[in-house]
Structure formats: structure tokens, C-alpha cells
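Next comes just one chain, in C-alpha cells: the form predicted on its own.
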Amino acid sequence: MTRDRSLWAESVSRLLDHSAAVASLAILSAMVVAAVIGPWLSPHQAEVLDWSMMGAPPDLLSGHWMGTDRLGRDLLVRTLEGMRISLLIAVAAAIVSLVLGTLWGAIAGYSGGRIDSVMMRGVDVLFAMPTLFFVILLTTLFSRSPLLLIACIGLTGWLTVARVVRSETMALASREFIEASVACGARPAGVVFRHLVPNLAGTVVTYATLLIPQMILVESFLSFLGIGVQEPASSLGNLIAEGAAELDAAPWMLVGPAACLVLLVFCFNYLGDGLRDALDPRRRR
């Protein structure tokens, strides 16, 4: 237990030495707090129309710090709410992908032999399918609800997770503590859930920070196409679509949501790089 604590303490120390990761974590924390409580603190509401400020540029005196859209809705509040919805969908879809991918990869990697071959051939078949077309087809055929969007994105994003977890599981399966568990009579399910999955936590956490920005981009792309989050709800994708349509007359409608999207993706990627370096066992002394 002491050694486990020292290894985690060493990982945290290494993460804190990664200046880009620390800065990204601070920026992400500030953006999440702003997305959660910002709309509640603002004097404006996302769906309230200001008829006197329709399509107005940013103005500190009027209180519309990021301007308004063509209907007079405050863009700052709409961007914060859109960022909150995009993050919720991305995090939920990433959790679905991580759970499925971790279980699939751990079972395949520990089972080996024919079971591993059949399970991973299934992954290869799914990889060959056009996943984006599959998501577009489902969201077109069924109601475009956030739950369906989460399910569609999550169920198509676990394949790479399964491959990564499988390779890590195969490396762990030959370790002494796994062999000791088997010698003590542990069942395969017990070995997977009590020993392999907890030891894959570092890999899963690292990959989660890299998977979330992918989910954000997929959700934003679908919403940009009009088959994701629907009005009157806002996400970064449909806000960018609205801003792109008004780019010539009102460029501020595009700048704010696009900047938030780019900043989120960059921060998650830098944080993922920092976690990867901090949790990589080969970097431990």
C-alpha cells in the first residue's frame, strides 16, 4: 500500500511539473465553472429576445459582452450553455465508450486464444464500417434527443479503447500478482474485475482525456450539420453553424463559440499528454 501511494504521489508530482498540463487543467476548470454557473449569474437569459439589440456587436455598456445573434439573444449566455451541453454529451459518451472498451478489451486480452480472436475480429469488422454514416443514419431515423446522441457517439467510440486495453491486459496477464491470484483459486471474472481493471485505471484515465475532445468534435460536427442538438437548445456545433451563416454581417457570432471549441480541444489534448507522461511506468524511477 505504501508503494502504491508513493507511485501515485510520484505521478502527481510529475504531472505538476508538466506546465502545459497544469495550465490546461486550470483553464478547463475555469471553463467548466463558467459553463455551470455563468448562465445563472448573467442578467440575460438564453432564450429572451432583446428587440433593441438584434444582431448587435459586443458592447460592455449594454451588458452583451459577446454581442447578440440575429434574434437578439445574448451570445455569452448561449455560448456558456452550449459549452455545458457539449461537455455533458461528450463526457457521457466517453464514459459509455470507456466502459464498453475496457470490459471488451480486458476480457479479450485475458481470455486469449479463440475467444480473443473472435472478439477482436468483431472489432475489426466494426472498424471497417463508416461510423459517422452510422451515427447520421440513427439520428436521422429516430428522434434527435440528447440521450440518442450520447448512445450513438458512445457506441461507435469504444473500438480504439478496446484495442488499447487489450494490449495492456496481455502485458499485465503475465505479471506475478495475476499468476498468484490464479494459483489461489481466483476465477477469470474475479481476475478481470478485481485485478486487471483496477490496474488499467491509469491507461483508461489518460485515454479519457484524449477521447473527450474527439467526442466534442463529433457532437459539434453533427450539430453543425443540423442532426445533433436541436433548437431551442444550443451546443457549440449549432452555434458555430449559426455564426458561419452570418459570418459576413456578424463575425462575432462565430468567433466566440469557435474559440471555446478550439480551447476545449487543445486543453484536453495537453492534459492528456501530461497524464500520459505522468502515468507511464517507463518514466518512473
Partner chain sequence: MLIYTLKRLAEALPTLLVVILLAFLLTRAAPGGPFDEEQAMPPEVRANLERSYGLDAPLHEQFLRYLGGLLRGDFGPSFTFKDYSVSELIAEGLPTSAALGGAALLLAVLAGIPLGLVAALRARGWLDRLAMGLAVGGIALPVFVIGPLLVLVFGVYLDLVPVAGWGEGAWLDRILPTVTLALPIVAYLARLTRGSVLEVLQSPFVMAAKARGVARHSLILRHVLPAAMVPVIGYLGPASAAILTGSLVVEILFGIPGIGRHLVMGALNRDYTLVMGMVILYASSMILANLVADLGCAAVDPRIRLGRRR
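Numbering follows the first chain given and starts at 1. This one's a predicted model, so the numbers in the text were calculated from it and none came from an experiment.
There is another form of the same protein, the form predicted together with its partner chain; it is not shown, and what comes next is about it.
A.B. asks: Its partner chain is absent from this chain, but in the predicted complex, do P130, L137 and L217 each have a non-hydrogen atom within 4.5 Å of it?
C.D. replies: Yes: P130, L137 and L217 each sit within 4.5 Å of its partner chain in the predicted complex.
A.B. asks: Just one of 122-130, 80-88, 204-212, 103-111 has heavy atoms within 4.5 Å of its partner chain in the predicted complex; which?
C.D. replies: Looking at the other structure, the answer is 122-130.
A.B. asks: Consider L28 of the chain shown here, and say whether it contacts its partner chain in the predicted complex, taking contact as heavy atoms within 4.5 Å.
C.D. replies: It does not: once its partner chain is placed as it appears in the predicted complex, L28 has no heavy atom within 4.5 Å of it.
A.B. asks: Considering non-hydrogen atoms and a 4.5 Å limit, does its partner chain approach D248 in the predicted complex?
C.D. replies: The answer is yes: D248 has a heavy atom within 4.5 Å of its partner chain.
A.B. asks: Quick one: does A20 come within 4.5 Å of its partner chain in the predicted complex, counting heavy atoms only?
C.D. replies: Close contact is absent here: in the predicted complex, A20 is far from its partner chain, nothing within 4.5 Å, heavy atoms only.
A.B. asks: Do L147 and its partner chain share at least one heavy atom pair within 4.5 Å in the predicted complex?
C.D. replies: Taking the distances in the predicted complex, the answer for L147 is no, it never comes within 4.5 Å of its partner chain.
A.B. asks: So which bits of 215-244 sit within 4.5 Å of its partner chain in the predicted complex, heavy atoms only?
C.D. replies: Going through 215-244 in order - heavy atoms within 4.5 Å of its partner chain in the predicted complex - the hits are L217, S220, F221, F224, L225, G226, I227, I240, A244.
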